[in-house]
Ligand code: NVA
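In structure tokens, one chain follows: the form predicted alone.
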Amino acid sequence: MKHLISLKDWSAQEILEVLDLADKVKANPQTYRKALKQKTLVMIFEKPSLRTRLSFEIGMTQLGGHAIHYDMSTSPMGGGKETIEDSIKVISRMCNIVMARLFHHEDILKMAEYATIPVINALTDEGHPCQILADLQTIREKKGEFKGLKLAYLGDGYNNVTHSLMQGCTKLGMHISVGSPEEQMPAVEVTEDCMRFAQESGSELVVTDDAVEAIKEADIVYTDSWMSYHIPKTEEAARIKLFTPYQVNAELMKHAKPDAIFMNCLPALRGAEQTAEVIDGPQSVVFDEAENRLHAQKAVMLTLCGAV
């Protein structure tokens, strides 16, 4: 049995196999319409969601299976009346696979420890591997092979998407530079792991507080919300001031390669982490990226359920 908790746990070969399957599923969805027949996915949500819920629920339906939406705010698990350990043991007895979108990473680790079925991390405060698999699928569609490409991430470095991007890029031999203020640099342990992955794959990881240096000659420019779900509204003004030098606008994009693509995992706020002219412009692939959540999620479920 295998889980998807963090991309750091998956080899480059395993990541590539899922991406290859995602391409096949996207090209020939009818081939897989009964692949998970009579299988049930439980989707546990502690955080709100649009793309995650749609991609998993629709994906499971299109694979011939069934998905159950489980809201922690109205359940014993979320109310503290039942432990995660007990809940996941019960879920394991009744269904085939579980995904969870949670605040605390230790909770997904606990689920994986006590589950007897595959567990998928659909986002925690430390990582978002499902999003990055869709991102990597999109990058390969637009740019071909991964080796030698440079991805520049601008904005909040201490961020689940940033961490998973660093892991995915360095595993696959892509150069990645993170441009973020000193106060919001990526987690030290993630940076250390990814430096090792980069050395193994022949790529380069750069973490800097200089936005221009980070984006220079980038093939892919990526940003994410400055106000993630766990950030209180009271911090908004301070975070806008902190991150404004890293806003992806037309002027900053000039430092990337002329054929660079722009990515944002969405939701996006025009005028904040990027300007409207960038996200709505010809270099933007954000909606291709969003669609690929469906295909990548199907590939993950097929792989973990042993249906390929």
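This structure is a prediction, so every number in the text was calculated from the model and none was measured. One rule holds for the numbers: they count along the sequence shown, beginning at 1.
Absent from the display: the form predicted together with norvaline (NVA). The rest refers to it.
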| query | finding |
| --- | --- |
| Which of 177-185, 157-165, 139-147, 203-211 lines the interface with norvaline (NVA) in the predicted bound form (heavy atom within 4.5 Å) | 157-165 |
| Distance check, Ala152 to norvaline (NVA) in the predicted bound form, heavy atom within 4.5 Å | no |
| Ser75 within 4.5 Å of norvaline (NVA) in the predicted bound form, heavy atoms | no |
| Contact of Val248 with norvaline (NVA) in the predicted bound form (heavy atom, 4.5 Å) | no |
| Partner contact for Cys265 in the predicted bound form: norvaline (NVA), 4.5 angstroms, heavy atom | yes |
| Heavy atom within 4.5 Å of norvaline (NVA) in the predicted bound form - residue from Leu123, Met99, Ala134, Ile108 | Leu123 |
| Site test, Glu57, Thr61 and His295 vs norvaline (NVA) in the predicted bound form, non-hydrogen atom cutoff 4.5 Å | no |
